[in-house]
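Next comes just one chain, in structure tokens: the form predicted on its own.
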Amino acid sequence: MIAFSITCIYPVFWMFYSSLKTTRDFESNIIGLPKAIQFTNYTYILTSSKIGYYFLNTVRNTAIALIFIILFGFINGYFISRFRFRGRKLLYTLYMLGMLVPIHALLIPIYILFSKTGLTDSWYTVALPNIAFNLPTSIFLIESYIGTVPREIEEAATIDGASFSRTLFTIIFPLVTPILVTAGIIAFFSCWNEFSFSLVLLKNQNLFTLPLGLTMFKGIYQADYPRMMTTMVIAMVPALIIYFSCSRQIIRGMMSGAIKG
């Protein structure tokens, strides 16, 4: 267990102290500690690179995707869990099959589809496949959790005169918040670190995301690894903040789904 923990923690530690090296220092000793700590890589990345564009693009794509993943996941999960209609099992099976399809198997079809329909190189381009590929997981989690919410709550709301939409969004939605947060955090990490769709569907550098922006530090014959490490450290900060601030919520949502599902 200790050896496994070290293999997980050391790459992060190595990435951090490598960001404090010069290129010559890094190339002379790749795994060694920096001879002299310097922050010129951070100064360069924050003042002279396009990381600000990449960061805002990543935030925008992630935010758009999360809104639709949680909204569509909640609505679809609710209807599949609560109603028995013709084709329900087929629809649910199709959603679940979406979790089994690897992203790389669909890169070429998606590229052709987006190119033919003119959806490439737009501010919303990357958000669309992110929504499609993360929606099945959200539906799976939310559908099983909603099945544990007593139907009597909805019946009581109906007797009190609440409309269907009001019952859905003001009564059921707050009750399933733990699993919505869990589904949202899982989708956040997937969207925040997404690389393949950005690489295939984006050509305009002003629309690049943080993972794709890392390629700008790699040339044909050499790569600027210290600056790449610096960019990765900066990109990792928001993800770490969200993880540590919501880790209890993730565990609570997982445990609720495991026990009640």
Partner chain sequence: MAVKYRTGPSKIVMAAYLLPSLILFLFVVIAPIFAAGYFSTFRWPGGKKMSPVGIQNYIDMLHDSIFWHSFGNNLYITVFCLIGQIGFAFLFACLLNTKGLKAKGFHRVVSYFPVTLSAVVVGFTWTMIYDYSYGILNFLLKLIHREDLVRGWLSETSTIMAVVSIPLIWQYIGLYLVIILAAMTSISSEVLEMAEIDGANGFQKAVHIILPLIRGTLIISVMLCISGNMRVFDHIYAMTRGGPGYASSVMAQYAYNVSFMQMNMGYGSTLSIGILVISTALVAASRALLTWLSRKGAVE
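Basically, rigid core = biggest C-alpha set you can superpose within 1.5 Å across the two forms. Given the structure is predicted, the values throughout are model-derived calculations rather than measurements. Residue numbers count along the first chain shown, from 1.
What comes next is about the form predicted in complex with its partner chain, which does not appear here.
- When you look in the predicted complex, the only residue of Val59, Ile30, Ile67, Leu46 with a non-hydrogen atom within 4.5 Å of its partner chain is Ile30.
- Proximity to its partner chain in the predicted complex holds for all of Val101, Pro109 and Phe244, with the criterion being a heavy atom within 4.5 Å.
- Its partner chain is not drawn, but in the predicted complex it has no heavy atom within 4.5 Å of Ile51.
- For the chain shown alone, Leu20 is not a contact residue for its partner chain in the predicted complex, no non-hydrogen atom being within 4.5 angstroms.
- In the predicted complex, at least one heavy atom of Leu168 sits within 4.5 Å of its partner chain.
- Proximity of Pro129 to its partner chain in the predicted complex: non-hydrogen atoms within 4.5 Å are present.
- Contacts with its partner chain in the predicted complex, taken as any heavy atom within 4.5 Å, map within 114-134 to Phe114, Lys116, Thr117, Leu119, Leu128, Pro129, Ile131, Ala132, Phe133.
- Core-superposed comparison between the shown form and the other one: CA of Met229 displaced by 2 Å or more.
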